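The form predicted alone is given below as one chain in structure tokens.
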Amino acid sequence: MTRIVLFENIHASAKEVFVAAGFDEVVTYPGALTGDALREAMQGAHVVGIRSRTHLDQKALSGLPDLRAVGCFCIGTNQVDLETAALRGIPVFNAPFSNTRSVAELVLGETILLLRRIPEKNARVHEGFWDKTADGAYEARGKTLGIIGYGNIGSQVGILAESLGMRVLYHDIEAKLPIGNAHATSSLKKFLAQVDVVTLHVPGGKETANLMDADAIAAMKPGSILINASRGTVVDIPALHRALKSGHLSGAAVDVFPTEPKSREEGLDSPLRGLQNVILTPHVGGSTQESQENIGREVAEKLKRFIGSGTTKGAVNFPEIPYHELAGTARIIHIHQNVPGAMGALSNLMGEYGLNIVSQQLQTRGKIGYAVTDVDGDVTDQVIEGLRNHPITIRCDRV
């Protein structure tokens, strides 16, 4: 029986997918666990599902011989030691597309609110002031939106912005075909100087760390707006604070931060708190009922297909093998060291056990190789154990 453990209140749509596929042992936890509590909860699990607060480092992934796959029910996978997982034969899946619309709508809504100075006016009314001036308030129509990172989310932000009558420019390190009437720009500095709103949609990591530093923010058009719903490390927060206090920027919206609270009880430590021209949200860009339901289904479907057929399409740390129909009487998935002679050794072993190879797919990535082999013959527990005991084997299972 396949045991599935889900943490952090993952949407019920995930459990629905698993139960419909015949996986009845689905254990759920409302929040994230750490340390010994996390390790104890994962004992005996074949599949583990997490969101952003559960961290699966090398220690957490050790001592789990039954664990076959991890699902990150979110976009990011930084909370998982991907290399350790791969070397243990554990593919990691995520949901890179399911919350695209939710993030795009948040960015567009914040664009309108900041252009109209609604955060400041809202705060003033709550304080008892009736500040009915139009000073500094603008329509979105006719303004230029600049998108840094023209991927799935960035391109959809552009489409929504055009529907409001905005002009759209984008900057990306890769050549991307424009959607709608968007225009690509090659020079980041020139790009920043001509847009009214900058919205960031880039991945985290060393290449984008402090992408919007003091120099980049200084290059932005005076009175413009900065929105970050990508990764917290992309913006130099002290530099942003200075630009807002000096009036160089008229407003900002930040959904992600370099260091984020670990619980509802812990407050955000940021110099941006208290600024009336700044919208601060607790990393909720993709937090809508629609996106969470979509994420639940998307990741659960990937995990279901891997457990049922061995397909790793969409895995972020593993050789990708797409789905194909069973061609023999049984299917064996074999994760092994990516060394010369590995496939020959595997084929010889199967021959020794009287198995005829009907179909075989192989992909490699870094230090590991992954083979999905359909065979005719009796694949007994003894056969699987024999394959597992070979020196090249990392993991072997029958699906």
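In this text the structure is predicted, and so the values were computed from the model without any measurement. So that there is no doubt, residue numbering starts at 1 and follows the sequence shown.
Another form, the form predicted together with a small molecule, is not on view; read the next lines as being about it.
- Contact check for F73: every heavy atom lies farther than 4.5 Å from the small molecule in the predicted complex.
- G328 falls outside the set of residues with a heavy atom inside 4.5 Å of the small molecule in the predicted complex.
- By the criterion of a heavy atom within 4.5 Å, G146 is excluded from the residues contacting the small molecule in the predicted complex.
- Interface residue remark: V316 is not counted as part of the site for the small molecule in the predicted complex, having no heavy atom within 4.5 Å.
- Note on contacts: among R116, H241, H283, R88, the single residue with a heavy atom within 4.5 Å of the small molecule in the predicted complex is H283.
- In terms of contact with the small molecule in the predicted complex, the residue from V198, M166, L108, I153 that brings a heavy atom within 4.5 Å is I153.
- Proximity to the small molecule in the predicted complex, taken as heavy atoms within 4.5 Å, picks out 199 to 207 from the listed stretches 78 to 86, 317 to 325, 125 to 133, 199 to 207.
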